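The chain below stands alone and is given in structure tokens; this is the form predicted alone.
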């Protein structure tokens, strides 16, 4: 772990293992509640030092960080793949995206604009001049998930630093090494040391202390809906930004050509073994194309190579834990026992599952209603657009959704009708560029990420009024 920019060692260790073969990747120190207290004290001192820096100072630090990430890309990619289980090709792509996230955050450090307020538009505003500016919210606690341990951490802490906030990063326990490496890269880039804190280890051990500390002014969290609700119930009077997952759907409309998008849909469902918040999980296909699309999807799924994530030729690596494998299998078995049609996949070797396609699952099944987070696609048919919109919206989640159609009027109808933070036309729902506003509605979250939009969450508006005689 890192406190006040310095690596801290303890006798209590987290052993990080490769989910493919359970081999030891490395170890890091496990943070305690006393370490939370030390990190908060350091962050308070870091805030004072940051207040003396200019926006350009913060910009330079973040641009240097982007350069360091590029220089160390192979090290980061290998560590991410070894800890998390995504393929080495996917890990390299994550590092590349992370460099962009930092670079955009650096640019946003120079764009903390305010605005004038027309005080004399009010009857009592004569001789008053007003304006507002954006100021740092304070200490940001960033709790990041295992599936994008570098880029999603940076979506939290890079905008936080750009806006002048100190941060405490709590990475997922299973990807602690990446979190610690990222903290060291911040220090090496010349960040204010006290503003850089990384607490590795178990969230169950330090989570309550971190979440309830009154000196922490904002919690930004990516993870499960249940943990997100627990955080909001315990956080007290502080801001929260929550990205809580989804069971993302894609709709294949009557006028679409299924053969042109089936490969893309398969990629959306099986990349990172389906362990992406916006992975394609539900596929709604117009009944005219249902048989054709299902057959083509089966071919795509069966053509993907599973195995070690460090093998350059692997398409689908391991699921993060064997307990998750057992959960995924139980959900599939339950749906099939209730009438769903099992089409292909589901063979398990260790923590690796071959890509699964099931069809005609009841809309009440877990594989449809809950976040599956595994290499499974559920394909159901629909009669018309009203039914498809209703089926997609029949969910407590609403992060992103995709729609394939060549009809502009139909596309607009879906864009307006779908309950999601993002609607992507002729694209899968797990498409994301890192500068866009990203977040969900309903129980998929609160607030938005993307450097510009995260900075809006991580700043407060300060009003200044002058009385001019």
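It should be emphasised that the depicted structure is a prediction, and the values quoted were computed from it without experimental measurement. Numbering follows the first chain given and starts at 1.
Quick note: we don't show the form predicted in complex with a small molecule, though the next part is all about it.
Open item on the list: With the partner left out here, check for me: in the predicted complex, does some heavy atom of residue 358 sit within 4.5 Å of the small molecule?
Closed with: Looking in the predicted complex, residue contacts with the small molecule do not include residue 358, since no heavy atom lies within 4.5 Å.
Checklist entry - Heavy atom to heavy atom, is residue 139 within 4.5 Å of the small molecule in the predicted complex? => result Outside the cut-off, so no.
*Classify residue 204 as contacting or not contacting the small molecule in the predicted complex by the rule of any non-hydrogen atom within 4.5 angstroms, answering yes or no.*
Close contact exists here: in the predicted complex, residue 204 approaches the small molecule to within 4.5 Å, heavy atoms only.
_residue 438: touches the small molecule in the predicted complex, heavy atom cutoff 4.5 angstroms_ = Output for residue 438 is yes: heavy atoms within 4.5 Å of the small molecule.
Name the single residue among 106, 218, 277, 285 that comes within 4.5 Å of the small molecule in the predicted complex, judging by heavy atoms. Exactly one residue meets the criterion: 277.
Scan 84, 378, 297, 172 and let me know which has any heavy atom within 4.5 Å of the small molecule in the predicted complex. The residue in contact is 172.
Mind telling me which stretch in 308-316, 110-118, 224-232, 258-266 gets its heavy atoms within 4.5 Å of the small molecule in the predicted complex?
One stretch meets the cut-off, namely 224-232.
Residues 35, 194 and 197 are flagged as a possible site; in the predicted complex, is every one of them within 4.5 Å of the small molecule by some non-hydrogen atom? None of them does, since no heavy atom lies within 4.5 Å of the partner.
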